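Just one chain follows, in the form predicted on its own, and it is written as structure tokens.
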């Protein structure tokens, strides 16, 4: 499989008037084509910092990060601008990156149609449900044609029922568009339902305590994984590694 992302001996320390805090210590892992990898660990351990380093929103102190594809970043909040329509919100990323063209507009509208949002193109964010807003946010990211998605707890603001439906949506879109993803989550069930590998992280300074490879076929959707007999075994494995 093609390697899309490689972190090699990465270290990150934050400095302040009170001193220095080492957040990440000698972290190495890879993400390959057509897989979802989840990062799960205690609150405040530095999971989101990893995504920010990959996206170059933060500078690392040691090591290196190698990316071999276009990367898209989907944040915890949908960050839709309330004064713009769905369509204009989606086009915003292309405009900022100066990649707006007839071809990109056609492609974006094809995504809206493909994923059931074309009739909402002229709506404003306040007129949409939370799940639909997250789908709009994802399509905005997809409009830039990334091969690797960075997902920073994208379902955490949703109620529990909507969360399950949107997880199903997102996994379906990842499969349909032949994408890979690096997902940050606090939810053990979410990590198992969506991923091919789960990296279980320690408290600060963050290290990988265990890498768990899941036996599911990567085309198996979250709802079906949850019904599989191995799901509870994986859940217990992640839980015990996190807490002991």
Partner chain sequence: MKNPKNYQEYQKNKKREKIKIISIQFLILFAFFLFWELLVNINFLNEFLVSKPSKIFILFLSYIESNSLFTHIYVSVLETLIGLIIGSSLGLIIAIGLYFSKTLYKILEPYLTVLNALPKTALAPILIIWAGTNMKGIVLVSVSLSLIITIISSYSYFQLTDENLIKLMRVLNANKRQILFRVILPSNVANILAILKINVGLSWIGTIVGEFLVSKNGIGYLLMYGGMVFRLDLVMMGVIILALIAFLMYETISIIEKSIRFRKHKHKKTIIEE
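If you're wondering where the values come from, they're calculated on a predicted model, not measured in any experiment. Residue numbers count along the first chain shown, from 1.
Keep in mind that the form predicted together with its partner chain is not shown, yet the notes after this line are about it.
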* Structure fact -> Students should find that, of 172, 162, 156, 79, the residue having a non-hydrogen atom no more than 4.5 angstroms from its partner chain in the predicted bound form is 79
* To do: Using heavy atoms and a 4.5 Å cut-off, decide whether 52, 113 and 119 all contact its partner chain in the predicted bound form.
  => yes
* **Contact label in the predicted bound form: residue 103 to its partner chain, heavy atom within 4.5 Å** => no
* Any of the heavy atoms of residue 146 lying within 4.5 Å of its partner chain in the predicted bound form? -> no
* **Non-hydrogen atom contact residue 168 with its partner chain in the predicted bound form at 4.5 angstroms** => no
* Asked: Is there a non-hydrogen atom of residue 66 within 4.5 angstroms of a non-hydrogen atom of its partner chain in the predicted bound form?
  -> no
* From first to last in sequence, which residues of 87-118 have any non-hydrogen atom within 4.5 angstroms of its partner chain in the predicted bound form? -> 92, 93, 95, 96, 97, 98, 109, 113, 118
